[in-house]
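Let's start with one chain on its own, the form predicted on its own, as structure tokens.
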Amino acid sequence: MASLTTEINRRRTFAIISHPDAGKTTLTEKLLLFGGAIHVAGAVKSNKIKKTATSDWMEIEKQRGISVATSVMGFNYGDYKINILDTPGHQDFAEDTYRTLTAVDSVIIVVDVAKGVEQQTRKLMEVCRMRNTPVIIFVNKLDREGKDPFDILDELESELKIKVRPLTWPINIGARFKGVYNIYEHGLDLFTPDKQKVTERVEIKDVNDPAIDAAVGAADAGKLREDLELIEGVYPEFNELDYLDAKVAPVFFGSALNTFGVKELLDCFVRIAPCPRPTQAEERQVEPGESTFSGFVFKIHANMDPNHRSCIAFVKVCSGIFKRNANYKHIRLGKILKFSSPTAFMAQKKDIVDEAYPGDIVGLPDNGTFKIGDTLTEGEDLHFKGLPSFSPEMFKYIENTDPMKTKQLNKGIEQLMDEGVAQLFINQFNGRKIIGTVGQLQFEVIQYRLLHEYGAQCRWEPIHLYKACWIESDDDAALEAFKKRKHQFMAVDREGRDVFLADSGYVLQMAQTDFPKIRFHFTSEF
């Protein structure tokens, strides 16, 4: 039995984030390919090959070619155990991604060489900055025409507000793309476009080796040497500690679809990325090496397996060893629970695990016991923090189109709301159910999943709202007066908390001015 410290040191738990279409899911696949976790990559876009990407397994994802649910995948690579959390790039699911970032120790950001840094990437980078999460950047799609690599570096620094340091460098780009020089390990990799095979490596001693000229031609070799000289002059030497302190982001270039530049990224990543770090609870800081187990639920997924209608709660192990069939305390409910079939994931394929270490993600079968943010321990009362629900920005009434299926609809709504991608409010004035989300696409996903997973049909009806905010006050009379005055705009959430549904920014501002004793909250954590 390996010691706890050994197991912690070989764990690398990270998320891959990017704008939609930058190639995040493709990169995830290729990392799995190197880990031997899959043997042939699904060509995500091609209709000729019907293999869809391993990490997108919900029906709607296969049809649309986008990832909407965070997938968890674990595999071994050399001496390391790697846990990848593939997050939805689509901004309508940003909240799911924010929560995933609370469960990882580092992040890889994928940037499309042609489009550069896009808005969604900026937002996610802000979350990384808030949490001081170390970041590595992978510039993708070098086999297509795009921006000059130096321009990309400048853009990364100004847009993501972080210093960068290239660790590999491309030789040309687009149609003339010949390969990548590995600055970190002094190697040269020649590019051959092939989705399944790994590229050939030229053994060289350093950048002045004539083997480079023979491989790419004198002109390109000369340009490469000039570029590298410029890089050494402009960017300080790469320092691992600066990366771990989230001050510098190493940059790699490649083409994920052609499995090019991915292995260099992975080899460097396992060497420099942090192993599981301490987690801050409200009570104290929890160290991964503590002997007692603790963990928190950062995501709930309904219907991993449509045949069984089961929900799964994803638990990030923060300290100690999680053991199958051991007794653990569910802090919020104050109950002792034990789990006979905890699972570990390889996209949709899951295996029952006997134990899991800090940094690992364990799936626990859930029939309504868990909420996002719940803590499990061996008895100590801990509350891990930092899993907010944000105030939704889009609202619709949800109506049942088939009265015979009311029970299925209610069960479906309840389980899908547990996942935390949308929120349910019940209007106190007319008793109607309102669904609030961060984006339009979620309404389609909810409607689709209600029909295909629960056999329930719903339709949406418009409602004009600006924002939902949670309200509270120490003065009961003031709270009552507010609820009376605004009774048409009052709702309750699933926890029974008071929610004010403001129909415009002006109304909200006036309410804040007119009722100074009321506190208005825009996230559910207060």
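Position 1 is the first residue in the sequence shown; the rest follow in order. This structure is a prediction, so every number in the text was calculated from the model and none was measured.
Quick note: we don't show the form predicted together with a small molecule, though the next part is all about it.
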Please tell me which of Asp143, Asp366, Asp105, Asp418 lies within 4.5 Å of the small molecule in the predicted bound form, judged by heavy atoms. Asp143
If you check Ala256, Leu450, Ala249, Ile171 against the small molecule in the predicted bound form, which one has a heavy atom within 4.5 Å? Ala256
Within 4.5 Å, heavy atoms only, one stretch in 23-31, 479-487, 460-468, 494-502 touches the small molecule in the predicted bound form. Which? 23-31
Quick check on Arg12: any heavy atom within 4.5 Å of the small molecule in the predicted bound form? no
